[in-house]
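Presented as structure tokens, the chain that follows is alone, the form predicted on its own.
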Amino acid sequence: MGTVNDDEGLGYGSSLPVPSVQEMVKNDAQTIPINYIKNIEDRPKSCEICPISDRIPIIDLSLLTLGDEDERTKLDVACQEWGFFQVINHGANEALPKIKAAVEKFFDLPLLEKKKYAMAANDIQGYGQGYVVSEDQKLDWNDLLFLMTLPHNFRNMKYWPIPVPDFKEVLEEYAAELERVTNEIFINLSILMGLENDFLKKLHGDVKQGIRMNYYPKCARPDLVLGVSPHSDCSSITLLLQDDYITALQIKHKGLWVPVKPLPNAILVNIGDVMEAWSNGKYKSIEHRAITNEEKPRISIAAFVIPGNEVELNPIKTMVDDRPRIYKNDVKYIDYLRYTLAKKMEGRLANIEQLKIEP
């Protein structure tokens, strides 16, 4: 089984090293360093919160697999109006607690042990924090471990933590389950877009899966910081495993932030920038963020599904037959990915506008 060379990065980008937030809180749980305190306009505010999280669409994957037309229509509406949906009856229930436990064990390791898996200067894989491009930017209240999981030849095993028992086996099982769920979603989106069942999977070319494991320490002043700054995902779709008991993810819907209340054993799926461009704006890549809390730390696990480097983000022909083309024809995925990773998270429009035709 081939893997990338230990000395090679992915060629996607890099992130500057910063101190561990988890360790910082262990040493002093009350002080919030100035470089984590967001500007006033960027802080989470109660007046901007809309408590309608129960309206986040729920999609039954078992019904989609059976070709249920009503469920497929629900998927279509979810992708157009929300860009997010909770997937139930996905068949991966046994893998969920195992991956959560493995990730928790990694972040429970001593700092010196975790640092053995630190991101290299030329890579985004490994332990650290993402989207740090300047020494004076405001930082997010999280630590992460990012690993490429599929295909196998994109893995760099020097970042896979050996001290965590069965980590490799558990992550491989989880990655395979998500690949199955992803393929079923692609089949149904292909049909909804007037295409052959396997169109979206083939369109990805050398489809890849990267998994970001996040640790959000508790925070004495959650009103001053963000776990993750507002952004949209530069994936085609993202599959997120939330903490079952802590509501932290918020999505931008009709100008307000909507908390996404976790649904136990559900996998939360969102549309990424790539799918928005391919669908010519029919399906929406939605801005989202994560807040913190004073009570306890939180773990989440996000799997990004991304196309091959040379795949173009052109709108699909069936998506321009009856609607004006608003996305460009000449953007390769690798160029868009490098563009997004070279910047700090600055909301959705900062990236997605690069894909649109200038008015």
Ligand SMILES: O=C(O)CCC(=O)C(=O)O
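Just so we're clear, the structure is a prediction, and the values are computed from it rather than from any experiment. Numbering starts at 1 and follows the sequence shown.
Beyond what is shown, the protein has a form predicted together with the ligand; the following relates to that form.
Heavy atom within 4.5 Å of the ligand in the predicted bound form: which of 216, 174, 127, 278?
By the 4.5 Å criterion, the partner-contacting residue is 216.
So which of 252, 208, 212, 74 reaches within 4.5 angstroms of the ligand in the predicted bound form, heavy atom to heavy atom?
Comparing distances to the ligand in the predicted bound form, the residue within 4.5 Å is 212.
Name the stretch, out of 313-321, 58-66, 330-338, 295-303, where some heavy atom lies within 4.5 Å of the ligand in the predicted bound form.
It is 295-303 that comes within 4.5 Å of the partner.
4.5 Å heavy atom contact, residue 288 and the ligand in the predicted bound form:
Yes, contact at 4.5 Å.
Since only the chain is shown here, I'm wondering whether residue 233 would be in contact with the ligand in the predicted bound form (any heavy atom pair within 4.5 Å).
Yes, residue 233 lies within 4.5 Å of the ligand in the predicted bound form.
Given that the ligand is not shown alongside this chain, does residue 240 nevertheless sit within 4.5 Å of it in the predicted bound form, heavy atom to heavy atom?
Because a heavy atom of residue 240 falls inside 4.5 Å of the ligand in the predicted bound form, the answer is yes.
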